[in-house]
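Below you will find one chain, with nothing else, as structure tokens; this is the form predicted on its own, and questions on how it binds or moves follow later.
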Amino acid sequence: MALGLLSTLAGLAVAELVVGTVRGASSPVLPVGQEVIDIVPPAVKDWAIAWFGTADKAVLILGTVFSLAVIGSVVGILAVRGSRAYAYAVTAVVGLIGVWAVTMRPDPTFGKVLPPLIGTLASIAVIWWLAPEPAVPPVTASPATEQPGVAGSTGADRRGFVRGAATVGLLSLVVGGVGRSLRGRFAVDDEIASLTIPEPDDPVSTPAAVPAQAEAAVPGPRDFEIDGVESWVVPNDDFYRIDTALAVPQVPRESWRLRIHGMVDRELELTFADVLARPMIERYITLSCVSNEVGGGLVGNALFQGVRLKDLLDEAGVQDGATQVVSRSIDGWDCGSPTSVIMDGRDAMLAIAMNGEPLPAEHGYPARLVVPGLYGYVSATKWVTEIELTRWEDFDGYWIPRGWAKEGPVKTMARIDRPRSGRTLDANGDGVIDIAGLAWAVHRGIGRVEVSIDDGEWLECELAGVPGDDTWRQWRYQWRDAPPGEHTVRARAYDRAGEPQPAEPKGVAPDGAQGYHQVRFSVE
């Protein structure tokens, strides 16, 4: 067993060294894990997100490594028992699976195939070096000199194995550490830190430039600053992340290109410098994941800056019949958005900045799409490199064949942040309990929020100000003279047209969760 684990460790370490020398290459664990993500049923993905949240990728990587360790243990047992050929064969098959997984990813260059190839050869070399040669034990052999489980091995053989194993283990740690250190050369953190984002031509401080937003703007504080209620703007480090990339793509801006093609009059190819030179807008926009449960945290509001998608598509010249905007990421993910939504005047953009800073790598640097009013799985492509105009019926994005709805408008939702379920609250000095949270109906706007305490009548809440309809909205209800004991509160929201959020509970698939958020708490 130890032999197999050592061979696996050596293979991964050598693969890591290759990753540190070839830009764009990755550890074999990642493409294999990516294929697992692509293959498993949607219900399994939903379960993983529900149980592990944004840690689901780390769990998958650990699971893949554990699987390799189990397979390595089997290989070690085969090798020790004299079945070297079988040990080599199993190792080679695992390596071929890694090569296959790499070829399934976008742009499978020879350099990207090298880590699983060379790593597999390293694993086989360790087995060849350390596996004992089967032999018939001499008649005069003393039982005290035999190694259990290895026919004919001697104490000297055991000492030799221990020395060899120690050498392999130490070299693997050194090689893997050097590879990880070299891989840091390809990180874009320093590049992001040195990037200066130009001032927007249409900043958020001048909403009058967008009449629809000006009409929807509501004066007043946007953040009630109530303890326990998420801030109106979510900092970049706290913003939720849901995507299919097991490792964050490190895309240098000098090599990034955006190609706009398909059913257009003029194909465009933009560099990052081209994007920086174009007129830009700046808008607060709330993004939401379709996998967000009722009351969940896979939603956030941020200030995005970028180029209007409509301007880019107008320049390319959208042809009649081009009813779908397909966007593709550098990591192979894709989605489709209705062309009518992109072109209807909303602030859909090719974003390069978030909360006044360049996009963080995990949120799509150097550029991503942001489309108010659509769930991310049909709009929010990170690390975007391609936009294709096509017909609605001619293409289905990544999640559609996996059981999700092709259209994904964000549903109206109210969330209770205070009090949390199971908490015990003290009334304020004036005997008031703050019941508060956030509500969103992105691009339709929130017109009213109500709460019901202990299944009583619906009570209208106070709403915070907003710059327009594309963001969530804080709300609060001050419950006076709350009696001690256990209580239940529910919340519901209405959009600006007066349409209430759906009351019937439903899970996230296929088009987003619905139902009233409810919490149970105590008052002392």
Ligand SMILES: Nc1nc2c(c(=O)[nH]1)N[C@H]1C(S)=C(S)[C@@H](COP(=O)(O)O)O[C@H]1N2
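On a predicted model such as this, the values are computed, not experimentally measured, just so you know. Quick note: we count residues from 1 along the sequence shown, nothing fancier.
Note that the form predicted together with the ligand isn't included here; everything after this is about it.
Screening Asp434, Asp331, Asp417, Asp157 for any heavy atom within 4.5 Å of the ligand in the predicted complex leaves a single hit, Asp331. Note on the partner interface in the predicted complex: the residue among Ile446, Ala351, Val75, Leu287 having a heavy atom within 4.5 angstroms of the ligand is Leu287. In summary, the region of this chain contacting the ligand in the predicted complex, judged by heavy atoms within 4.5 Å and restricted to 273-281, 120-128, 236-244, 386-394, corresponds to 236-244. Arg368 belongs to the set of residues with a heavy atom inside 4.5 Å of the ligand in the predicted complex. Interface membership of Trp440, defined by any non-hydrogen atom within 4.5 Å of the ligand in the predicted complex, is ruled out.
Proximity of Ala380 to the ligand in the predicted complex falls within the 4.5 Å heavy atom cutoff.
In the predicted complex, no heavy atom of Arg346 sits within 4.5 Å of the ligand. For the partner-free chain shown, nothing in 292-326 comes within 4.5 angstroms of the ligand in the predicted complex, judged by any non-hydrogen atom.
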